[in-house]
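Single chain ahead, by itself, as structure tokens, in the form predicted on its own.
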Amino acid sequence: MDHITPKKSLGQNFLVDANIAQKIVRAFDAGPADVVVEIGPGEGALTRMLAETAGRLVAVELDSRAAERIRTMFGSRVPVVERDVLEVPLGELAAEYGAECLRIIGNIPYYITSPILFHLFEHRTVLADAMLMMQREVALRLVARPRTKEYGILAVMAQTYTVPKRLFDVGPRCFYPSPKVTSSVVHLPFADLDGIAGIESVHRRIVRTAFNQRRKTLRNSLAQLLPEQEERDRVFTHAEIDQTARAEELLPQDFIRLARIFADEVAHRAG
């Protein structure tokens, strides 16, 4: 079967190495009780093997040519949702297939890796895990530790909602066309850190604001959220966080504690 002509606008790099596809599917280890959602199946390199092991496999594919190929190859065995994954209501999809939690897998386009990750974080209550292939530089950011240049918003959010693990790298020659970068396969089992429940939006604002000015101390970078010095002192004191620290020095748990105290302070002010 001829290759689908890749579209640059969709960031398409189709996986063509059967050994790598097998390695990914083996690591994912889908079973008969699993409802699996494959993001961007493309030409079906992973789909072929997933269809043999998963209890139910659903493909989400934006490209109508690839969607038609999957339908031709698998018929009703693999239903295709022909939409942008960022617009797919995963909770409704889980309910449709009677799944308490979905499992996600995919070779995702580099240019929308972060939006896809945040989409998954937002729907984590109906997700068990995700196995994703992405640019190695992004994978390194997901597992980065504090006080490193890779540590930032993505690391904090990923490590707040998942336990990310970088499994192995995949070279450019495993794809058609060959990208100019090395890829990595990452496994993301979903598991919230203690204390995040109920303060997700506040937490997100604080993390983003802190890292948007990462060279500044927290006292200065968070001044727009806490304009009054006395209030700022109280929040940092109660959270047991040094105001002169920078965002990259805080653990994910520290951001949760800071967000919790901040939320309490705002509620007290409003009351």
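The first residue of the sequence shown is number 1, and the count goes up from there. Please read all numbers here as calculations on a predicted model, not as lab measurements.
Here the subject shifts to the form predicted in complex with S-adenosylmethionine, a form of this protein not shown in this document.
Within 4.5 Å of S-adenosylmethionine in the model of the complex, do we find a heavy atom from each of Glu137, Asp169 and Val181?
None of them does, since no heavy atom lies within 4.5 Å of the partner.
Which residue, Leu154, Ile108, Met131, Val80, is the contact with S-adenosylmethionine in the model of the complex, using a 4.5 Å heavy atom cutoff?
It is Ile108 that has a heavy atom within 4.5 Å of the partner.
Consider the chain as shown here, without its partner, and state which of Met73, Ile196, Ile112, Leu93 has a heavy atom within 4.5 Å of S-adenosylmethionine in the model of the complex.
Selected residue: Ile112.
Go through 213-221, 239-247, 198-206, 56-64 and give me the stretch that gets within 4.5 Å of S-adenosylmethionine in the model of the complex, heavy atoms only.
Only one stretch qualifies here: 56-64.
According to a 4.5 angstroms non-hydrogen atom cut-off, is Val85 in contact with S-adenosylmethionine in the model of the complex?
Because a heavy atom of Val85 falls inside 4.5 Å of S-adenosylmethionine in the model of the complex, the answer is yes.
Is Val25 one of the residues lying within 4.5 Å of S-adenosylmethionine in the model of the complex, judged by heavy atom distances?
Outside the cut-off, so no.
Can Leu15 be called a contact residue for S-adenosylmethionine in the model of the complex at 4.5 Å between heavy atoms?
Because a heavy atom of Leu15 falls inside 4.5 Å of S-adenosylmethionine in the model of the complex, the answer is yes.
So, in the model of the complex, is Leu10 in contact with S-adenosylmethionine at a 4.5 angstroms heavy atom limit?
Because a heavy atom of Leu10 falls inside 4.5 Å of S-adenosylmethionine in the model of the complex, the answer is yes.
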